[in-house]
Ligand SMILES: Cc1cc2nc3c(=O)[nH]c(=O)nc-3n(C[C@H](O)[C@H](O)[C@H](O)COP(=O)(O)OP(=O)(O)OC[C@H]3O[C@@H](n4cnc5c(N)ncnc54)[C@H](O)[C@@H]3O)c2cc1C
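Here you get one chain, nothing else, as structure tokens; it is the form predicted alone.
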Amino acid sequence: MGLGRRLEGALAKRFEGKVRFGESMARHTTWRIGGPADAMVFPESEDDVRDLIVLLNEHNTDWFVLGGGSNLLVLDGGIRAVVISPAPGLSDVLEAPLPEGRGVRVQAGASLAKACRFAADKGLSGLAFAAGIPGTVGGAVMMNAGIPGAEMSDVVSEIRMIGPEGGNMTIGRSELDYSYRRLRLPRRAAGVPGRPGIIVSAVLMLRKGDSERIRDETEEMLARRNQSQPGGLTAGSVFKNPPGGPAAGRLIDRAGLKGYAAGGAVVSGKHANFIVNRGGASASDVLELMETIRRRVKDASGVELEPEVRVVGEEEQG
């Protein structure tokens, strides 16, 4: 359907040099998979985000917020909306003193890697668990990224947002409803499907520590990840770990699926909860492989795996 000439013209005028039309999402996801978006905007300030939301509301148009492109499968038909990417424009990391100790205010488009380096350099402890997790801070806050025993909900003190109508919002920790790999925002910030509020920064509450020791801890976490997880084109863990049972990767391995492929997508031989794009994989290949995994694990163990990756967009029309 497209956006219509009036909206395309308004976007091109207000966001000159910051908007691309028909942009392939395969260029912006870690799987390197995904069809085109109607438009993709790269705001460089909170004012840009605010103006964009107001404009899209005026034109009754949905939007989708893209972080670092991990934990995401964009379907082959692309996204019929305006994709908003806080990176690289909103990627500053700043010190933010907190009553509980010390912390950092991180803009949503900053990578987790950048936030971890900053914290280590400043001697701030508590974020090393995130070393090696791909993506941006905004995405990590929304999906409550983490590892067994530590996750973003442990360190998020507040988030600052541009609300669904374009207003400024500060959401304190007491209003953030966190669960496993999920953040449920208050209704005033969540908006309606297709038109959510947008996180522009978060304050992470950390503890004062020794920089050298924190760097060692960060490097150890990175080494552990590199040893246990595959490289190449992946999106991170594909399925959530079931509560109170074996991890998803172990269940997939027990079902004999390491190395199993569908088209260009293959179950990693290093960690079975990772699907690798070995070249030319489509979203339909990944979906076919995910369904095979879900069915075979259910047959082998009785466990119904739940996807961790988010699937968005439309199927390609034949």
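Each residue number is its position in the shown sequence, starting from 1. What you see is a predicted model, and the numbers here were worked out from it, not measured in a lab.
Separately, the form predicted in complex with the ligand exists; it is not shown, and the next lines address it.
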item: Contact test in the model of the complex: Pro164 vs the ligand, heavy atoms, 4.5 Å; value: no
item: is_contact(Ser153, the ligand) in the model of the complex, heavy atom dist at most 4.5 Å; value: no
item: Close approach of Ile198 to the ligand in the model of the complex, 4.5 Å, heavy atom; value: yes
item: 4.5 angstroms heavy atom contact with the ligand in the model of the complex for Leu222; value: no
item: Option touching the ligand, based on a heavy atom within 4.5 Å in the model of the complex, out of Val83, Ala145, Met205, Ala248; value: Ala145
item: In the model of the complex, the one of Asn277, Ser268, Ser70, Thr61 near the ligand [non-hydrogen atom within 4.5 angstroms]; value: Ser70
item: Stretch from 212-220, 117-125, 71-79, 171-179 whose residues place a heavy atom within 4.5 Å of the ligand in the model of the complex; value: 71-79
item: Residues in 223-249 close to the ligand in the model of the complex, defined by a heavy atom within 4.5 Å, in order; value: Arg225, Gln229, Thr234, Ala235, Gly236
